[in-house]
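One chain comes next, on its own, written out as structure tokens in the form predicted on its own.
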């Protein structure tokens, strides 16, 4: 069983220190995630790849207590489903990323706490490979 990314172009892979891959508009400098072909602020198509900071601050959060609708969700369901945290993490003052959190207890999280990017197992694919996705955990 080999680890594989959940999708190409979402984060650097393979990497000991993964980073999310966003885009930056060369006209107005707005940063987006995931990569976009055109700017949501000024409509320019002059976008370039931009690596996002690995650490950021927790902005808002909740928990996902039941399997989301499928599609697009393709993870565990039924008895195999494990509740997980979901939140927004602000990275480098550039962009807020909606993300899975490694902590599912909302009482253990606080506004503004420092978070860091990690890759976590999501599910096994049809070939038996371990599909990896990104999440944020409280920073040490």
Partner chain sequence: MDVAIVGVGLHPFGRFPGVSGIEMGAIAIRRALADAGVEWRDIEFAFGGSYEVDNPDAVVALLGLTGLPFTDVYNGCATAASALTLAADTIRLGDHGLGIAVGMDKHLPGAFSADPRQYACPLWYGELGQFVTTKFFGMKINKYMQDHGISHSTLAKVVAKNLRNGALNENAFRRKPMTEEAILGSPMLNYPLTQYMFCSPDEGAAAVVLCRAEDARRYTDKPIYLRATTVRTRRLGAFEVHSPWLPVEETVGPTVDASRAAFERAGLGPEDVDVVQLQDADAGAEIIHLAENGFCCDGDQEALVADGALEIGGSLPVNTDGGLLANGEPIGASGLRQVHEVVRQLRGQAGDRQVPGNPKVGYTQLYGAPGTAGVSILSR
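Positions refer to the first chain, counted from 1. Quick caveat, the model's predicted, so the values are computed rather than measured.
Although it is not shown, the form predicted together with its partner chain is what the next lines describe.
- Task: With heavy atoms only and a cut-off of 4.5 Å, decide whether residue 122 touches its partner chain in the model of the complex.
- Result: So residue 122 counts as contacting its partner chain.
* Verify the contact flag for residue 10: yes if a non-hydrogen atom of it lies within 4.5 Å of a non-hydrogen atom of its partner chain in the model of the complex, no if not. => It does: once its partner chain is placed as it appears in the model of the complex, residue 10 has a heavy atom within 4.5 Å of it.
- Task: Indicate whether its partner chain has at least one heavy atom within 4.5 Å of a heavy atom of residue 71 in the model of the complex.
- Result: Taking the distances in the model of the complex, the answer for residue 71 is yes, it comes within 4.5 Å of its partner chain.
Requested in this report: Report whether the minimum heavy atom distance between residue 96 and its partner chain in the model of the complex is within 4.5 Å.
Outcome: Within the cut-off, so yes.
Margin query: Whether 4, 108 and 138 jointly form a contact site for its partner chain in the model of the complex is the question; each needs a heavy atom within 4.5 Å.
Written below: Judged in the model of the complex, none of 4, 108 and 138 sits within 4.5 Å of its partner chain.
In sequence order, which positions of 59-95 have a non-hydrogen atom within 4.5 Å of its partner chain in the model of the complex?
Contacts from 59-95: 59, 60, 61, 62, 63, 64, 65, 66, 68, 69, 71, 72, 73, 74, 75, 84, 86, 87, 88, 90, 93, 94, 95.
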